[in-house]
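Shown next as structure tokens: one chain only, the form predicted alone.
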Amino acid sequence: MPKATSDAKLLIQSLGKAYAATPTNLKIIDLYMVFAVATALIQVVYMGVVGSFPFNSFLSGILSCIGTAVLAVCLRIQVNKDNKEFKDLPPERAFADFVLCNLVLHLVIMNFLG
């Protein structure tokens, strides 16, 4: 069993060192994704404690958070300089796509609210 814990510690240390080399703009996007997922989890806990009377509102909130996080993942993939697939795509274009898709997502969410 001590071998497994030392392997886990080594893995966490290597992930920490690799993440320290990540550019700041990608870390900001990561923080935004964590915030969106944490907000979704808070909504789920709130629904479990209080109840889900306006169920459309609950679904809209969850879908908004998760959809925004998915779009942020797409933005992170496109902005990452190490990704060779999107090397011709300027970061401004990737951000414009992110904003436009978020606008469409939230218009659909607003329509779902009723």
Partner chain sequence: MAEPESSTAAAGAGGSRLRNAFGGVLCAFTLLLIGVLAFSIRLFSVIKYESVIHEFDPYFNYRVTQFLSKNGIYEFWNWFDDRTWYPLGRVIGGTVYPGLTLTAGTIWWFVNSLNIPLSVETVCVFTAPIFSANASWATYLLTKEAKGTGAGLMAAAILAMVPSYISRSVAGSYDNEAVAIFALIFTFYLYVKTLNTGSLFYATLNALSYFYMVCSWGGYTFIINLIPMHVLLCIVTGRYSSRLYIAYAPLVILGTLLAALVPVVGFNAVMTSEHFASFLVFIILHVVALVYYIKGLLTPRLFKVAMTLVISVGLAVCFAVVAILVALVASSPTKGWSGRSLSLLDPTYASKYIPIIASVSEHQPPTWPSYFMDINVLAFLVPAGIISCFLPLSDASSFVVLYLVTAVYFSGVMVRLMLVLAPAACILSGIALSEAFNVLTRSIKCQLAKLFDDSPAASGDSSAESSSASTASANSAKNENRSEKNETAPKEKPSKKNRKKEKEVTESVPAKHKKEKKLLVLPMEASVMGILLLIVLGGFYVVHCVWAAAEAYSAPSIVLTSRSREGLHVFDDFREAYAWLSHNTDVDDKVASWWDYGYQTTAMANRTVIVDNNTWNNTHIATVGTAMSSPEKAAWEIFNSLDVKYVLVVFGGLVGYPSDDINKFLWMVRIGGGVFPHIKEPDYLRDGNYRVDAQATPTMLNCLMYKLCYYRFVETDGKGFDRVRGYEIGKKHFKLTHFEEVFTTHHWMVRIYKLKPQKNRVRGKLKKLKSGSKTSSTIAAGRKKNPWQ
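Keep in mind that what you see is a predicted model, and the values were worked out from it rather than measured. Residue numbers count along the first chain shown, from 1.
Absent from the display: the form predicted together with the partner chain. The rest refers to it.
State yes or no: in the predicted bound form, is some non-hydrogen atom of residue 88 no more than 4.5 angstroms from a non-hydrogen atom of the partner chain?
Outside the cut-off, so no.
Quick one: is residue 66 in contact with the partner chain in the predicted bound form, heavy atoms, 4.5 Å cut-off?
Residue-level check for residue 66: yes, a contact with the partner chain.
Though only this chain appears here, would residue 39 touch the partner chain in the predicted bound form if you measure heavy atom gaps against 4.5 Å?
Residue 39 lies outside the contact set for the partner chain.
Closest heavy atom of residue 43 to the partner chain in the predicted bound form, within 4.5 Å or not?
Contact with the partner chain, no.
From first to last in sequence, which residues of 85-103 have any non-hydrogen atom within 4.5 angstroms of the partner chain in the predicted bound form?
85, 86, 93, 97, 98, 100, 101 sit within 4.5 Å of the partner.
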